[in-house]
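Presented as structure tokens, the chain that follows is alone, the form predicted on its own.
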């Protein structure tokens, strides 16, 4: 009888509500009788068919029988550490601040509450460079560490954490091609807190607004041409044609000049290649950290040849940048692509959204 009651209590402690994943391709959630299983795939360019399964087991339940290689995370999570500021988006939307105990690269964070948590001592800075202080991470006693990976052992720290027995989970949101797919990872984070229904409600509102804007811009007769980014150390990484940036440009009613490139990530090109293809382009977006035309011309006077610069059609997402350089486009912008899309439509087709005020973008002067 006792065993039966334990089983009943364990089953009840697992949320019976399963999220429908509509846009994201790199994770899935399965609700079982005793626990939830999340499968993550495509964690970095070149990962191939590799998958990692995470078992989310209620902390008061006995461990179920699991396949070899499955990583167990006890839920609901009470102590969270994040290895990238992009996770602050779902933390804010789901109000998970009370569990946040460790933040990497805090200087790049725009989230004021994250800074307040560290200033008050409620959370700690973890990792600011490539070196991983495993001992400090162990002392932090996190229930969950969220990170992403590049496939380059110079930068990836999760193998060290796994060897130390830390509960690290590798995500793949940045490998998604659709802006809403990146946002949908809120359901992934919510699953560790049994907040799936709240995540679904938040995501549905965002997706509905995003799709309405896509429909608004879809039938516009004029589609301006656009290119993006700026060189760093002589190399210009343009967004691949299958990247979320390229998808957002298309959804905003523009023709991206590298839409035919099959990459989901950045594509390294010589500056001369950009100058040749984009000389007559209508718009230049996201030119790295530059916030003025003067700054761009100081970096390379050849940029004066771009017609977009000559006509004052250079825009950057630099409105919500704090004193440390933390840009909210990488936090709120990822969680709220409908606001980014409205900005882009305002740039390409201002007549379609006459009442919209820029949230992230500004015209460089």
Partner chain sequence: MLFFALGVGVLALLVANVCLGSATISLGDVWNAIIGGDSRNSVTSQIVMDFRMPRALTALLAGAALAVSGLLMQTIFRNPLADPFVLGVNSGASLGVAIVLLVLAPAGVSLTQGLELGGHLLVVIAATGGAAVVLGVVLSFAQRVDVMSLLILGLMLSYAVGAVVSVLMFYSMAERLLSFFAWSYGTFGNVAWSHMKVFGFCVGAGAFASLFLSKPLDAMLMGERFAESLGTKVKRVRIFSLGLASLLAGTVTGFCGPIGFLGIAAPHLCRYLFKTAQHKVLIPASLLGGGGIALAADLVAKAPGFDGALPLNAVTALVGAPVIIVALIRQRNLRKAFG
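Keep in mind it's a predicted model, so treat the numbers as computed, not measured. Here, rigid core means the biggest group of C-alpha atoms that superpose within 1.5 Å across both forms. Residue numbers count along the first chain shown, from 1.
This protein has a second form, the form predicted together with the partner chain, left out of what is shown; the following refers to that one.
Of the heavy atoms in residue 105, some are within 4.5 Å of the partner chain in the predicted complex. At a distance threshold of 4.5 angstroms between non-hydrogen atoms, residue 76 is out of contact with the partner chain in the predicted complex.
At the 4.5 Å threshold, heavy atoms of residue 242 stay clear of the partner chain in the predicted complex, well away from it. Looking at residue 290, you'd find a heavy atom of it within 4.5 angstroms of the partner chain in the predicted complex. The three residues 269, 300 and 305 all sit with a heavy atom within 4.5 Å of the partner chain in the predicted complex.
Stretch-level contact check against the partner chain in the predicted complex with heavy atoms at 4.5 Å: of 26 to 34, 40 to 48, 322 to 330, 335 to 343, the positive one is 322 to 330.
Interface residue among 159, 234, 165, 262, judged by heavy atoms within 4.5 Å of the partner chain in the predicted complex: 234.
Of the listed positions (225, 148, 127, 220), a single one reaches within 4.5 angstroms of the partner chain by any non-hydrogen atom in the predicted complex, namely 127. In the core-superposed comparison between this form and the one not shown, residue 234 has its Cα shifted by at least 2 Å.
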